[in-house]
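Okay, so we've got the same protein chain twice, two forms, each given alone as structure tokens, structure 1 and structure 2.
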Structure 1
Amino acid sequence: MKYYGGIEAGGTKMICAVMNEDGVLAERFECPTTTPEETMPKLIHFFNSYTIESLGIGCFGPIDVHKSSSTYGHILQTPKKAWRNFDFLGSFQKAFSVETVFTTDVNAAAYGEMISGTATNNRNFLYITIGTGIGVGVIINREIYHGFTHPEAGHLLIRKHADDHFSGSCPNHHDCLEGLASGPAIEARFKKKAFDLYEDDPFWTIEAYYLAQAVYNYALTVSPECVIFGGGVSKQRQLLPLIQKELEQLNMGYIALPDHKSFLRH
């Protein structure tokens, strides 16, 4: 029996899995994302239990995705300072002599939506995760898009809401999209997690305003057929309708947006 490994390296936790050649999950493992010294041995130990044929890695960013670069496979200037400039891919290549694929965690999620999720019939779309950070995976003509680097569209500079006096939590940009609308930004505001806020809390209108700005900027520049939301914060059922309302107000009829029932997805 052949086995294949996969890693979702997130900012909060690492999830590893092995599946067999029939696509059946053999085993799953997760642990907190603390420091490379603590976390990496646990991941390698998990895969040592199997003879894997290949390994796919989706990693929190920013990361170096260019194979010709001297820092290919490294995590770059991430807000998680313990992981800055860490050779994530290289650590696994030293431990396992198998084919590896390395991209961002949100690109991996977007690719999964294209292969077997809500975007199987779409050629061009975005996947936005709103959780520990905000990340965006871009699929163009059914291929993961990279330019001089992978998109870091979670750090868009956006307009502040008139009723929002929070200075922002991003260590690099303070009040960028991630600094205002991510899970840690919400927790820094209220000293509680997003899922502890009431559904009718006025803040959700502010959150929707920020996310709608991002969607509108993506709509104008990338023209996606749909935008898929993932991550813990996006699980708030009231959020998508609020984003749609804010999006329509921002657009003011300028471009013909796709039908909202198919455009914004979860």
Structure 2
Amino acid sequence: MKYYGGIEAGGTKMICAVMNEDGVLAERFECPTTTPEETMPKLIHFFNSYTIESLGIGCFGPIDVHKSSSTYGHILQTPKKAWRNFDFLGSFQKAFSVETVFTTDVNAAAYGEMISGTATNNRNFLYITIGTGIGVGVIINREIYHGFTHPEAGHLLIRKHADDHFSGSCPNHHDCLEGLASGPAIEARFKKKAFDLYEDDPFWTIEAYYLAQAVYNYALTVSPECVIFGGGVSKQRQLLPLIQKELEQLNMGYIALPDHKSFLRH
């Protein structure tokens, strides 16, 4: 039996899994993301129980995805200081001489949607997670897209809503998309958890206004067949119809957007 390894490296926890050649999950392992010295041996120990054929890594960013770069596979300027400039991919390559793929957590999620999720019939699409941060994974021609680096489309610069007086929570840009619409941005406005807001709170229209601007900009630039929403804040099921409404207002009939039921997905 052949086995394949996968890692979702998150800022809070690491999730590792081994799948067999039939696509069945053989084993899963989870541990908190503390320091490389403490966390890495646990991950390597887990995969050591199997002879894996390959290892796919989806990692919190920013990361170096450029194969010709001297720091390929490293974690870059993350606020998690212990992991800054850490050679994440290289540590696994030293332990296992197998084929590896290294990309962002959101690109890996997008790829998963294509292999066995809601986008199995799509060639070009985006996955957006609205959680602690906002991240976007891009699939073009059924492959993960990297340019000079991985897309950072969660930090789009967007127009402020006239009724929104929050200055924004992004440490770099303040009022970028993530700074205005991520879970912590919502929580900084209301001094309570985003899931404690009522479903019909007027704020969700403002949230939808921001997310619709992002989706519209993605629609104009990469023309995705669909945009898949993930992450904690996307659990607010009223959001997609609100985003759809805002999207139509922004578009003003300019481009023929795909049918909304297939365009915006959970």
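Between two forms, the rigid core is the largest collection of C-alphas that superpose within 1.5 Å. Bear in mind that the values here come from a model prediction, so they are computed numbers and not experimental data. Residue indices: 1-based, along structure 1.
By the stated condition, namely the form predicted together with ligand ADP, the second structure is the one that fits. Once the cores line up, the CA of Arg84 ends up 2 angstroms or more apart between the two structures. When two forms of a protein are overlaid on their rigid core, residues whose CA moves 2 Å or more are considered shifted, and Arg28 is one of them between the two structures. Superimposing on the larger rigid part's C-alpha atoms between the two structures leaves the smaller part rotated by 15 degrees. Superposed on the core, the two forms differ at Gly56, whose C-alpha moves 2.5 Å between the two structures.
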